[in-house]
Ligand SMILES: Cc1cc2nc3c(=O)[nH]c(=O)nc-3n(C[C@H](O)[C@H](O)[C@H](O)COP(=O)(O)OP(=O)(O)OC[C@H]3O[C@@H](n4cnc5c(N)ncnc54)[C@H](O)[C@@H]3O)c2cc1C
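First, one chain by itself in structure tokens, the form predicted on its own.
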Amino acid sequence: MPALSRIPLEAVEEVGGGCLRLVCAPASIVAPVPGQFYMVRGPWEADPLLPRPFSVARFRTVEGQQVQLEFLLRIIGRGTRLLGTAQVGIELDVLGPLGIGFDDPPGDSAWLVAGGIGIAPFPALTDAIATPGRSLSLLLGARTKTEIPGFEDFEANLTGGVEIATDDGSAGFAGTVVELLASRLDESENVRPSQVYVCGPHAMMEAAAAVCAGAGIPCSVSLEAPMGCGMGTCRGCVIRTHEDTNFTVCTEGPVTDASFIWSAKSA
């Protein structure tokens, strides 16, 4: 069973693009697998009632066997606003780790495709899979230059480089990150990644999965969905697959092979 811990908030830091990093104090908790998530709630009253799900952005073992967690967020609604404006020292209720995380790539090259705050699980992933002989590349998309999340703290792991796409062309590639992905796959037909990891809005992930299916490249996605409990009880995160079956994101995901959700025929 996942554990519920009360952990002090150690820092709230701006990381660019309107995103914030929440750094928790070291705690005696079980270390997660990259791609897993936590249900997080601050010390407020009944509004909002439910915690919010956050992918673990980074974690490290410190002070012996204690684990320090980091989360990335963008303020969207009341829950994220309360967390993003919280004072250092408050105690957060943190339930987890929850869900299924990422597998290692099958070869020596992987591309990470992020749509905006979809970059959240990738620092922890690159920490886990970076090796001297493995090339890791980040394709990062945003609507405009000012919404590009920061990646400098894990850029050293991105030995294959970083490319930016903006919908309005204000930085990097002019177009969506999925269009950038398709373009780079066309350009590098003989040097392709052995694995693509994708996280971002649902429609963006579906489009990226179709591009990967068309190119014959394995694609793992980190799904996003509204959650009330994080443990499969409330059924608030259930989505339909291409086989018209239910997929419970919090327990069967959030990370899964894209082919479980979207048919390769849509490519």
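The first residue of the shown sequence is 1; numbering continues from there. Since the model is a prediction, treat every value here as computed from it, not as a measurement.
Keep in mind that the form predicted together with the ligand is not shown, yet the notes after this line are about it.
- Proximity to the ligand in the predicted bound form, taken as a non-hydrogen atom within 4.5 angstroms, holds for one residue of Met204, Cys219, Ala210, Leu223, which is Leu223.
- This chain lacks the partner; the member of Gly89, Gly77, Pro106, Gly161 within 4.5 angstroms of the ligand in the predicted bound form by a non-hydrogen atom is Gly77.
- Heavy atoms within 4.5 Å of the ligand in the predicted bound form are found in one stretch of 225-233, 211-219, 23-31, 61-69, which is 225-233.
- In the predicted bound form, the ligand stays beyond 4.5 Å of every heavy atom belonging to Ala110.
- When contacts are judged by a 4.5 Å heavy atom cut-off, Leu180 does not count as touching the ligand in the predicted bound form.
- When the ligand is considered in the predicted bound form, Ala142 lies well away from it, no heavy atom lying within 4.5 Å.
- Taking the partner from the other structure, the ligand in the predicted bound form has no heavy atom within 4.5 Å of any heavy atom of Val196.
- For the partner-free chain shown, Phe37, Arg52, Pro53, Phe54 of 32-54 come within 4.5 angstroms of the ligand in the predicted bound form, judged by any non-hydrogen atom.
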